[in-house]
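A single chain comes next, written as structure tokens; it is the form predicted alone.
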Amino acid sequence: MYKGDAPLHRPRPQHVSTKMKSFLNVQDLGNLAEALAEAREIKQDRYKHVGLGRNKTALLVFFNNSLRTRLSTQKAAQNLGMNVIVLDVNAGAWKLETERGVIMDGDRSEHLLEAIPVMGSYCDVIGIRSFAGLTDRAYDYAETVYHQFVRYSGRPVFAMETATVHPLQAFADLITIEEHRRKPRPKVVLTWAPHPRALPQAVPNSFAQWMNAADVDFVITHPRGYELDPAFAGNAPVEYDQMKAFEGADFIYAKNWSCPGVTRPEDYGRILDDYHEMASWTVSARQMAVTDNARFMHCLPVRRGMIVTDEVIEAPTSLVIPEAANREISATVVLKRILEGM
């Protein structure tokens, strides 16, 4: 059940299409009940709208590695009858400069400000995947690369993960929770877990943002110093005792993230503690035992033995595979709405 929605088992509402020009945050999707109803319809017939993208081309631009995002978004575009061009910037293009005012005397041969309008001339819709650099918080949180595409491409742009958000993942997470909820207002816990590398905050930011928009009992748990930006965490309660946060939970969403630098900007992108010393935060049977037989979720890829134990991720309550499969559905809904707005 979602804010403003009627009880969970009422007849499905008649879908009213929401046209989109870009997709970055949950607000861009509009009413969540309608979006979830549309996702259910698409899941029943993925090719119902195959004519919508006829003679349209989606350009998927990857500045970073991808497995689920690349495959699911390409499949979603094909579900709608679109042509798809995939560009791996690091493997199949000139190295791109993103900063203004620089003297390009290094190994970067082309500026993004010329590359973007060229890309736009070959397609109708552009998807962007560009991770945070984790060195300049202001640059990352301004979503500089994404907004350059919005400004200079002349095409609708959607985020396939950016410096601060991963909305296609969060939408798929919400679809998965809707499919597996056992009560009208489940308790959903986002938990930090250890990792050997510094990771961006995009996935936890989006998950928090989307859970705050949904009618769930949402709690965030992490060690002190890892507080998410209030723009995404909102008023969600933070519980620093992981075991207490897990009590009675229906869904556990595990994810590592580096320091967001909210209170100490100089710590942005850092790992604040040796991950060996944080092993107690790894999601194991010990934590899951205090939940209400909670479903385990993670965006993948996942480092077993660090984020989660084999026992938990392989249990019948693990949703990581259905969750990944729903990436195709979330991307299909988003692309459909963008096409309807053209």
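Note that residue numbering follows the sequence shown and begins at 1. Note that the structure is a prediction, hence the values are computed from the model and not measured.
The same protein also exists as the form predicted together with a small molecule; that form is not shown, yet it is the one meant from here on.
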* **Triple contact flag R46, K75 and K336 to the small molecule in the predicted complex, non-hydrogen atom at 4.5 angstroms** => no
* To do: Could you confirm whether A279 comes within 4.5 Å of the small molecule in the predicted complex, counting heavy atoms only?
  => no
* To do: Report yes if any heavy atom of Q169 sits within 4.5 Å of a heavy atom of the small molecule in the predicted complex; otherwise report no.
  => yes
* in the predicted complex, does L300 have a heavy atom within 4.5 Å of the small molecule? -> yes
* Asked: At the 4.5 Å heavy atom threshold, is L67 in contact with the small molecule in the predicted complex?
  -> yes
* Select from the listed residues R137, H222, R155, R129 the one whose heavy atoms reach within 4.5 Å of the small molecule in the predicted complex. => R129
* Asked: Using a 4.5 Å heavy atom cut-off, which stretch among 36-44, 59-67, 283-291, 269-277 contacts the small molecule in the predicted complex?
  -> 59-67
